[in-house]
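Shown below, as structure tokens, is a lone chain in the form predicted alone; questions about how it binds or moves come after it.
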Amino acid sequence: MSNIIEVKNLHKSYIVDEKEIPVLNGIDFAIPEGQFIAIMGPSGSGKSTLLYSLGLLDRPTSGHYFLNGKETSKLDDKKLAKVRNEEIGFIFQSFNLLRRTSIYDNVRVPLVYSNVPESKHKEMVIKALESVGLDAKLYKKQPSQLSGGEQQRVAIARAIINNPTIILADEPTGNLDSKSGAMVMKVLQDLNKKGHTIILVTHETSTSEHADRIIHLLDGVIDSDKKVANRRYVEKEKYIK
């Protein structure tokens, strides 16, 4: 199985009050296509910075990041935006839905920036909503009319509508109760079974155990990188609407 991601000696620093603050201090790892990764670590360890670097939302200070064999540092802003929209899906803790916009328009946002004809948008939105266990009729509603778990699944539908190879999730269950969190993990596991590579940042051990592999960060370096011996699966009956 080929590696979809390779990171070599990755560093990231920020300038705060004219002082350089290092966050990532030489990260090395590879992720095979179709793997489910959980990234853990204490607050300030660099988890989100690493995820945003992998998602091309932030450029590393130095080092190399290869995505599908391509060195991303050589891509200009226009090409980076194209790769983000077509190859990477993003899921955030706070859902990041447009509050006064219909579910339909929220989910189809990535299509607006692609070459997909508008005549196909409705069909693709309905398919995406149904793939995460939601009633397609919800597309007429607004986010405020849905539960937290439903809103997060709408966010996942938006993330997968372009069928990206990689899905990045930053604390996707952090704002949810246990039942809603289980539903979200069921969706992510189902997507992983379909071949999507999942990279999840979480501080919850129970959530990380749904992954194949856990990378633990400490002070901007990889403290441990282990396969999950007894991977957890969400039972089918917990996947409810």
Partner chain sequence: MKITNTIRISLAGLKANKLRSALTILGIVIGITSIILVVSIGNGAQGLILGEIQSMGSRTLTVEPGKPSGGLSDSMMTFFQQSLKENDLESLKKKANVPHLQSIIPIVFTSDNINFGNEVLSATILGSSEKIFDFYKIIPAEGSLFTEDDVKGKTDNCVIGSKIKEKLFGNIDPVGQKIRVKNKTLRIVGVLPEKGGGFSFNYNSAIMAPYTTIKDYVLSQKYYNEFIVEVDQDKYIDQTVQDIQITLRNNHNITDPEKDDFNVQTQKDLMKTVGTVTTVMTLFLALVAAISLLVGGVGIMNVMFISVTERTKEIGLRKALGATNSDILNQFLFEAIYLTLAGGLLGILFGSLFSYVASIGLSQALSSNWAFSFPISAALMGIGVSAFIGVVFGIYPAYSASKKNPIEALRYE
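Note that the structure is predicted; figures quoted are calculated from it, not measured. Positions refer to the first chain, counted from 1.
Below: the form predicted in complex with the partner chain, not depicted.
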Close approach of S48 to the partner chain in the predicted complex, 4.5 Å, heavy atom: yes
Y52 within 4.5 Å of the partner chain in the predicted complex, heavy atoms: yes
The partner chain contact at R153 in the predicted complex, heavy atom, 4.5 Å: no
4.5 Å heavy atom contact, V109 to the partner chain in the predicted complex: yes
Selected contact from S73, S147, S94, N163, since only one has a non-hydrogen atom within 4.5 angstroms of the partner chain in the predicted complex: S94
One stretch from 55-63, 181-189, 25-33, 205-213 that, in the predicted complex, holds residues within 4.5 Å of the partner chain by heavy atom: 55-63
Every residue of D77, E118 and R158 near the partner chain in the predicted complex, heavy atom within 4.5 Å: yes
Sequence-ordered residues of 74-93 touching the partner chain in the predicted complex, heavy atom within 4.5 Å: D77, K78, A81, R84, N85, F90, F92
